[in-house]
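To begin, one chain is listed below as structure tokens, in the form predicted on its own.
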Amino acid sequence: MPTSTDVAAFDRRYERLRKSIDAKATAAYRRRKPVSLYEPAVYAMKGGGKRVRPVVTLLAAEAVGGRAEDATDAAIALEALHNFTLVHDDIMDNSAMRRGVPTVHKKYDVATAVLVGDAMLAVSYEFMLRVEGERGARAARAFNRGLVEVCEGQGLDKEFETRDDVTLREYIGMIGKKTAALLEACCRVGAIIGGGTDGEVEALADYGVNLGLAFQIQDDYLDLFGDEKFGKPIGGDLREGKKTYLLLSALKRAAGSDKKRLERIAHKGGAAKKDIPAIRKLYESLGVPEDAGRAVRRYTNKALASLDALSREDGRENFAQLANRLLDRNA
């Protein structure tokens, strides 16, 4: 069991890396022209967040004996890539708020937001291609594979909106691409740049996939059972009729009128705000929160088991602490 000292030391290390990347990731768009394009890009980047993906990239380089600073350009590239997906996702989902502030297409307009996302993607490759040599080439291939899988995952997510027969297994496959693939890419890219062995690279990639799955299922759970989120009300996924882990688990377990009610939510565009408390109680009666909790623990344990392949104790400890940090949240 990690001690409070271990946790505090990791938190300090995480914050140092986060602050460093925070400044550099935003600076990547400053002093570029035209201002009409890059000012909205700076706005998108200043939305904050935990900067999980670039910090993971830096920690992965360290975990295999490399230097975090050698992976800085790649970390900035991966954060730019992540924010590109957010800007475009918000357009596709017609989301009005992100992290408590208006989304780019709401603050500016849709055309600007589309172009901002495109520019972020281009800048992400600009930084990724600064990593030279064979490691740079391998890292770039892993980066590109992550992008392709994220796009495939988003495509599946949109496809699921019009399908009435989505299974839990298919859902796991979708979030394995849309959510987990980018975390996998961060781990893989960082480990490659850090000079990890093939076994270490694959171990950290497996960690990223499984932690990404656990993170998304927990996110689904917190949407209904967590604390009120600033900018996102409790039950937002249900109101939109999103096919989340919770809704698909409930559909699998329900019968009779309860099942028909859930099918209407999934197939007819969502639930009314006033119905959220009753649906929450229905989920509880079906054991859905417990099912989601078991899934989160299962994928978390798989992620932690992957760390056994790392030879450095500090690397194993940092990534164990990272899992605790990401999953110990209420919103």
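Predicted, not measured: the structure shown is a model, and the values here were computed from it. We number the residues from 1 along the sequence you see.
We do not show the form predicted together with another copy of the chain, though everything after this point is about it.
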> So which of Leu238, Ile175, Leu147, Leu248 reaches within 4.5 angstroms of another copy of the chain in the predicted bound form, heavy atom to heavy atom?
Replying inline: Leu147
> Among the candidate residues Leu156, Leu222, Ala254, Val101, which is the single one with a non-hydrogen atom no more than 4.5 Å from another copy of the chain in the predicted bound form?
Replying inline: Leu156
> Looking in the predicted bound form, is another copy of the chain within 4.5 angstroms of a heavy atom from every one of Leu115, Leu121 and Glu126?
Replying inline: yes
> Does Cys151 reach another copy of the chain in the predicted bound form if we count a contact as any heavy atom within 4.5 Å?
Replying inline: yes
> With the cut-off set at 4.5 Å between non-hydrogen atoms, does Tyr43 touch another copy of the chain in the predicted bound form?
Replying inline: no
>> So in the predicted bound form, is another copy of the chain close enough to Asp227 to count as touching (4.5 Å, heavy atoms)?
In response: no
> Taking the shortest heavy atom distance, is Val131 within 4.5 Å of another copy of the chain in the predicted bound form?
Replying inline: yes
> Which one, 27-35, 271-279, 60-68, 294-302, holds residues whose non-hydrogen atoms are within 4.5 Å of another copy of the chain in the predicted bound form?
Replying inline: 27-35
> If we check another copy of the chain in the predicted bound form, which of the residues in 273-289 reach within 4.5 angstroms of it by a non-hydrogen atom?
Replying inline: none
